[in-house]
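Below you'll find only one chain, the form predicted on its own, shown as structure tokens.
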């Protein structure tokens, strides 16, 4: 049986079956996944019981893996997973849920905001690949918004307005939205804002999309209150139900998404139960600000 791809979302997201990701993939299989990502932006691979090493090997087919540094407040020696794996669970090193007032837990609540992974880095992420090792019995769905369809649905006046805008992105902005500002000077330096283009063009399909995120807190040349109000309007537009796929996790689902074409967020779940979610992240090709200047 070969690869079967079936669309599951309104404008994005497809379920891909017929591949065993625990095994070495042929070049044509890798090409099929890449092609599916270009078309659907989100791919769901059911029943993939991967080890960390197998997940990293799969992710490496699509580019260089992004490091963990600069994207969290976990201190050296507190990491639960090996280098190359991003821990987006609610667990400490002992495998138990973090306390309600643990800084790491409060910081990670930012994942419940609409965002694009690593837009706070000068070179933002290309693909994210998330494995549900232990999933929530209730809640904990992940929602994905199609930023291509959201761009297409803008009126022509707004398309012209956003075309050349550049935004500042930082974890300081997204966590500040939740009232979390308990950051050390070292953390603030690590999270200093970076510039990202608001409109991106996909290098293969040529489709334009909005590059939005809760990490975006300013627009170059705009007063901050006006910029944030405008960005909020754009996020509300982009996350209307007709643009959103809701993934309801089953154990060992592997979900892969294109951060250049989507936003996502996790929904609330019982923080007293174990939710073990492990992400590998493929780095992008370069800063979007350079794209803006070259456009």
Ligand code: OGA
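Positions refer to the first chain, counted from 1. Predicted, not measured: the structure shown is a model, and the values here were computed from it.
Another form, the form predicted together with this ligand, is not on view; read the next lines as being about it.
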Considering non-hydrogen atoms and a 4.5 Å limit, which listed residue (135, 85, 130, 172) is close to this ligand in the predicted complex?
130
None of 115, 148, 126, 197 but one has a heavy atom within 4.5 Å of this ligand in the predicted complex; the exception is 115
Heavy atoms within 4.5 Å of this ligand in the predicted complex: which of the stretches 224-232, 65-73, 262-270, 26-34 has them?
262-270
Would you please decide whether residue 249 lies within 4.5 angstroms of this ligand in the predicted complex, comparing each non-hydrogen atom pair?
yes
Taking this ligand as it sits in the predicted complex, is residue 93 in contact with it (heavy atom to heavy atom, 4.5 Å or less)?
no
Can you tell me whether residue 158 touches this ligand? I mean in the predicted complex, with a 4.5 angstroms heavy atom cut-off.
no
So in the predicted complex, is this ligand close enough to residue 40 to count as touching (4.5 Å, heavy atoms)?
no
Please state whether every one of the three residues 111, 257 and 279 places a non-hydrogen atom within 4.5 angstroms of this ligand in the predicted complex.
yes
Residue by residue through 132-163, tell me which have a non-hydrogen atom within 4.5 angstroms of this ligand in the predicted complex.
142
